[in-house]
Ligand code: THG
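In the block that follows, a single chain appears as structure tokens, in the form predicted alone.
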């Protein structure tokens, strides 16, 4: 599983406060903690008003890149913001994100053509998130076909079927899995990703819901996830799932994580 650390995001209250107070030490420690916990990429999202988003995102990028070598996942709903800050990235990572909304494909795809950058592609358009799996599959096909025009192969795309909150759609996970399986059948090398916590909005014990979703989605073929790599319970659920799937030879990763105190009760 490719882990994209989610903890440097201005929509999180403590991160918002750190951004407003220019608390670089707080951001730096969040980067270090996630990198040491095993994150493969670190998502950086300003979550601020548009007029200061570029300068805020650059500030976050500089702090994180000075602290760790982990590549970035540059996160903004505005493709022009990503266009403005991409030159400050010191190594290729992931763009978060592209979709069929507005002119996002027209901006992002040319930006990463001929590079090693990867991209998260969301199955939504100007009408929002489709209710049916087929509509999401149709958007996925369009996104992949447009990427191909810029020689961006499916293996550089992390396709997010956009799981709906369970509290509002009882078939949410069924639709996610159906979309994921059909897309993988069409594009075997594409990566499937998810912002895990979306599933649990409006529910009590959100961490429990998130863990269960991570287990199900991993079993059915999800390749990456935007998640908290510092959550011992989430990492335990992931490692246990991979061991049960036969992806952890002799359960070495699971047992090693336990021996090193990365999972299990705190001692």
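Numbering follows the first chain given and starts at 1. What you see is a predicted model, and the numbers here were worked out from it, not measured in a lab.
Below, we turn to the form predicted together with the ligand, even though it does not appear here.
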task: Assess the spot marked by 6, 9 and 197: is the ligand within 4.5 Å of a heavy atom from every one of these residues in the predicted bound form?
output: yes
task: Decide whether residue 133 counts as a contact residue for the ligand in the predicted bound form under a heavy atom distance cut-off of 4.5 Å.
output: no
query: in the predicted bound form, does residue 214 have a heavy atom within 4.5 Å of the ligand?
result: no
message: Under a 4.5 Å heavy atom criterion, is residue 122 part of the interface with the ligand in the predicted bound form?
response: yes
message: Against the ligand in the predicted bound form, would residue 226 count as a contact residue? Criterion: heavy atoms within 4.5 Å.
response: yes
Proximity to the ligand in the predicted bound form (heavy atom, within 4.5 Å), stretch among 81-89, 147-155, 182-190, 114-122: 114-122
task: Pull the contact list for 83-97: residues with a heavy atom within 4.5 Å of the ligand in the predicted bound form, in sequence order.
output: 96
